[in-house]
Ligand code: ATR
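The data below hold one chain only, encoded as structure tokens and taken in the form predicted on its own.
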């Protein structure tokens, strides 16, 4: 049929997947498949829609079917851990898995977390240095905030978690302090946003507020001015520029979206599965094309 492109798949094709619920929105299959094609690898990445009630069966299934690994997304990042045979130190640090490798010799499942390295690598790519003089405000206290907080405290930054539910922020702060002795982490409610951001050097949105299709929403409290001389990093990548980013940019802040973090964590997963470094520029171009179409 004219215009139809059919990927070549044969008896030697190696498979990886992306497990989530939902999963249709994921850019991972296109990103990884473009990288496989560029490197001439007979590998394919496929979306795997897995209901939470079927997670255990799905994980046994990818091993039984000979998959080489998988990315893991919401809502399975924490729930999958009890079903894995082993996890790396990064998982113990963050408490979540976003990448699974299947051991080709025995089918055992090993869990990794590449979100931390993906975030820190993207900061470095944007010439943002993190150290003991960094004062970072993280909006949110969920899984993304946990990974980002873990990476930042290891780099010596002072962190303030701002969350609508203060108790959840306090729990994450306690977790981070227990993991890194002497780190500076505090948690406050959203009503204290203005006070804690006055001296901020970096503000990170680790919530899903503003993500497509709710693009008119923002986690920033109405009437609160943006601080001067801070960088705003929004982990959301769809849309490429969120309302939070637009508002911050109008106030003079430098803004960075979450596409780089997505690509760098994906590149780390690719290397875990294959032992090869992927073409990152191509992966970025594929994602940008897909996002511009939507």
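Residue numbers count along the first chain shown, from 1. Everything numeric here is computed off the predicted structure, so don't read it as measured data.
Form predicted in complex with the ligand: not shown, discussed below.
- Residue 144 is the only one of 173, 204, 102, 144 with a heavy atom lying within 4.5 Å of the ligand in the predicted bound form.
- With the partner removed from view, the residue among 140, 151, 118, 111 that has a non-hydrogen atom within 4.5 Å of the ligand in the predicted bound form turns out to be 140.
- The ligand in the predicted bound form comes within 4.5 Å of no heavy atom belonging to residue 90.
- Within 4.5 Å of any heavy atom of the ligand in the predicted bound form lies no heavy atom of residue 135.
- With a 4.5 Å cutoff on heavy atoms, residue 208 counts as touching the ligand in the predicted bound form.
- Although the partner is absent here, residue 160 lies well away from the ligand in the predicted bound form, with no heavy atom inside 4.5 Å.
- Contact annotation: the ligand lies within 4.5 Å of heavy atoms from the stretch 163-171 in the predicted bound form, the single such stretch among 196-204, 121-129, 179-187, 163-171.
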